[in-house]
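Okay, here we've got a single chain as structure tokens, the form predicted alone, with questions on binding and movement later.
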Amino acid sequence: MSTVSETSHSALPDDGVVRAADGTPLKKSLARALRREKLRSFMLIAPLLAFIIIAFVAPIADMLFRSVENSIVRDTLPETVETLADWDPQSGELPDERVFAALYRDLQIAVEQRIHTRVGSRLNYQQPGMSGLFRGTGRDVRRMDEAGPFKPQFLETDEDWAEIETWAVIKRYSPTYTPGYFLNAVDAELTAEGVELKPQNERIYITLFNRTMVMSLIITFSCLLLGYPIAYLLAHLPMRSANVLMILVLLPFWTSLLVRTSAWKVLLQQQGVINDFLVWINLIDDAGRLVMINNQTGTIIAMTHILLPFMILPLYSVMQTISPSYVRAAKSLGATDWTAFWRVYFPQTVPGIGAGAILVFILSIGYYITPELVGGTSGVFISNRIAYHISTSLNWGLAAALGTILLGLVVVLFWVYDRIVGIDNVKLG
């Protein structure tokens, strides 16, 4: 063996480069081994990475795209959009015969493909009545004289074609991308004079955004107020008793969300258990029963109960790591119970408070089942409106814009939290 090794070493060039046993430069050999290690690590996380991209990143990207995408008008009425580009709504005159002829040809194709109602539905989001206009015109366009002129025929079909605003809306929302959904999401609209706020009685989304943020903060504070003493008790009880109490904390996780919410509907109504108990102990009279359901009070109570474990668990896991010797040392130096708690114990629980507050707040602003069932008209969140546009009105563009704004608010609050408290101080255990 010694002879073979000596022969192998003697075959290597004497150029001063450190080499591996097979003669490869050591630097190159290490780089190759590192690449293999990185490839092996990547293959291990590849399934999870693919799942995150498909289930999380792709839907967010699609939502961002849908919030500004507006190709349906240009795709359905291509010739009309092209000829309408030379028309100025400020002229006060209707488009000329060329535009009406182009609209006739576009509608003929759209009716054959049965897509003319889609463009009507899209424009109806911006101006009520457009859906019916396109649906009715679609029925009449086949009876029009192909020789023209088309302008009188369209005006005879529906008087809305004689309105300048009808054509202005088509031209205004003919680009492939539009800010219209975002403007609607903040109670504004794009008019001939520019961006304007909607009339006061039509503004709903700003109110819903404000209500969502304020009520989410109240729910987060309520969870902290109730959860902190419970977590403190859990952390200082003997392990056996703490485990029994922990089962009660975890019990909501094992119960259906709909069951819990329905239970609160029974408890909070005017003829419910809580009002009956208050009347029984003579705290209120029968005529003065409290209204605690189908309003903001019901939403706050039910969501505080549902989200309370998300505050307790991070607090408990952080409190368990705090050594009791710190408080004992403070007391031995003359601190009172309150001073020892506030100056020594409480600052060490801030990472748990931060983690619980972030969890509860982010979950709160996205909840829609509980506000829908117990919130009534005054206790619903912006998420309920997003669900309505996705499942009922099918205005996915507006729903995507509302979701994008909500996502932006969360990111901004997260950034503010990081600047003030520091995300490094957040601990889940």
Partner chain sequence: MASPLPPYASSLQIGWYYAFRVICGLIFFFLIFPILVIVPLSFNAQDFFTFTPEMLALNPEGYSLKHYRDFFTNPDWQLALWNSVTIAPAATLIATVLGTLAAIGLSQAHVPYKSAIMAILISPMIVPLIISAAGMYFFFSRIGLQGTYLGVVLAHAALGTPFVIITVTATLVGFDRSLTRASASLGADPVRTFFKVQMPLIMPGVISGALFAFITSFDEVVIVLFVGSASQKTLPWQMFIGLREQISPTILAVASVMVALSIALLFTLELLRRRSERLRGLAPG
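Computed from a predicted model, the values in this text were never measured in an experiment. Numbering follows the first chain given and starts at 1.
Another form, the form predicted together with its partner chain, is not on view; read the next lines as being about it.
Residue contact with its partner chain in the predicted complex: residue 20 places no heavy atom within 4.5 Å of it.
Under a 4.5 angstroms non-hydrogen atom cutoff, its partner chain in the predicted complex has residue 232 among its neighbouring residues. In the predicted complex, its partner chain sits within 4.5 Å of a heavy atom belonging to residue 373. Proximity of residue 197 to its partner chain in the predicted complex falls outside the 4.5 Å heavy atom cutoff. Distance criterion of 4.5 Å from any heavy atom to its partner chain in the predicted complex singles out 259 from the list 259, 85, 204, 333.
Put simply, of 278, 237, 190, 72 only one has a heavy atom within 4.5 Å of its partner chain in the predicted complex, and it is 237.
In short, of 176-184, 129-137, 269-277, 204-212 it is 269-277 that has heavy atoms within 4.5 Å of its partner chain in the predicted complex.
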